[in-house]
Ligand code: HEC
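For reference, the chain that follows is the form predicted alone, supplied as structure tokens.
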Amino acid sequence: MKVFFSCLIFLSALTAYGQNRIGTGAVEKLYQQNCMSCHGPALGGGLGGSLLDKSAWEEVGQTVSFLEYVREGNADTGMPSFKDALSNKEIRSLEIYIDEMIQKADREETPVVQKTGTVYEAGGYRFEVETMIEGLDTPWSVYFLSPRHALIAEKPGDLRIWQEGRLSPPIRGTPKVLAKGQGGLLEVAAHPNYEENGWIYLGFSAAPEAAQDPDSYMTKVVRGRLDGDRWVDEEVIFEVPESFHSPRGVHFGTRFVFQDGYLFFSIGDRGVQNEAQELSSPNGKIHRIHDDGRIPRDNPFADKKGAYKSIWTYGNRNPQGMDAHPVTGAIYSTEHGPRGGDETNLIEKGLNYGWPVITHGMNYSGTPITDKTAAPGMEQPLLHWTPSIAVCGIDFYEGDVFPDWKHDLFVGGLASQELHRLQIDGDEVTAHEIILKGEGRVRDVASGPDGYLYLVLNRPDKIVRLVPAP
């Protein structure tokens, strides 16, 4: 797979904190101590050249890596060796810091999107943002049953129905959700054969029944049906033993993809990064089960002693976007990185996506995680955002209102408040642009059955759609 240099930081309660840390923390002090005397306090140059102009870096990235260049130095350009002063991890964190500052400088000079009044111009179209559903409490997910009938999951734990322009009160009898930190009611989706079987699936964070520690919780999946304004016929589709529950309030996943009788869903590393590499743990994984909860016999680690049998992929930090290509069926995910290193990945059976052994990010404090961005046996992202955008929900567009966008992948950013459009060909992102910014935190994206593209926004809490401008 190919790596694509990108543009642009992190999650729920930590998201704004991570985004606001760009250019600060331990790495800033590291720059001041080792680089500022030559390259200036704002990286614009002095005795040494400007670090903000990557076109001037003719050698770095071409014949030598940033790590090698800083570690070994270069007599021809006057670059001293830092191999005795900086560790490989510290050099890697400086590279991320420079990427952050380049983006910051670019944003100050050039608008991210073209907008006149209320009209955006991007992707070959002029469009506006139209509010469709208001009166929500932190909406997390939307699923359309028809153009005028949708299911909406709210983070505090309520399931709402929107039908013919009216928003229902919370559905009665839905499962108990432990909504704190980044946990809550995270996903709602109907079974592909909903009209025949009526099944609706919910993904959420919950404490186990009769829990020894009621403050410990974990991602859980159930299904049930609607009887008027009541939730009935509930069945548990996936839950883990209490030993895997934790009071940590971060990295629950989760999104759903139904395909060929299977359900794919994600669980983050729950703040214990090394567990993403441990096959004995469900954390930091994308899972695959039958849509009734059974474990498929051909799962990649179903026969491996000690492995969690539902694992489909591992080394995934916190995937909160997932969708299947409407033509090829290939499954793609978006994954929160730390400070830098948000990813778009092509999800394939049994593969290791590297976290935390490899990453394009660093800790929020500006301290390094690793000097490695690649390693044998570990997948590279199709696209990474460094600095990160706090990447979240995704959806392939299948409508006809914007025909040139057909089958493009739309990706939401939380902290960046952006909507990104990706053109994908197999394992390659062939084009990438930002088409919207500043309307709110883009929590989820949905290609509606009416042909419009819908966005679930937080702050303000509402659901909007993109409509062609007159």
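Here the structure is a predicted model, which means the values were calculated and not measured. Just count from 1 along the sequence shown to find any residue number.
Beyond what is shown, the protein has a form predicted in complex with the named molecule; the following relates to that form.
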4.5 Å heavy atom contact, S243 to the named molecule in the predicted complex
no
Within 4.5 Å, heavy atoms only: does Q62 come near the named molecule in the predicted complex?
no
Considering only heavy atoms, tell me if G49 and the named molecule come within 4.5 Å of each other in the predicted complex.
yes
Taking the shortest heavy atom distance, is T77 within 4.5 Å of the named molecule in the predicted complex?
yes
Among Y262, F82, Y194, Y125, which has at least one heavy atom within 4.5 Å of the named molecule in the predicted complex?
F82
Residue among L86, L351, L136, I331 with a heavy atom within 4.5 Å of the named molecule in the predicted complex:
L86
Where, among 29 to 37, 401 to 409, 415 to 423, 431 to 439, do residues come within 4.5 Å of the named molecule in the predicted complex by heavy atom distance?
29 to 37
State yes only if every one of W199, Y201 and I237 has a non-hydrogen atom within 4.5 Å of the named molecule in the predicted complex; otherwise state no.
no
So which bits of 115 to 138 sit within 4.5 Å of the named molecule in the predicted complex, heavy atoms only?
none
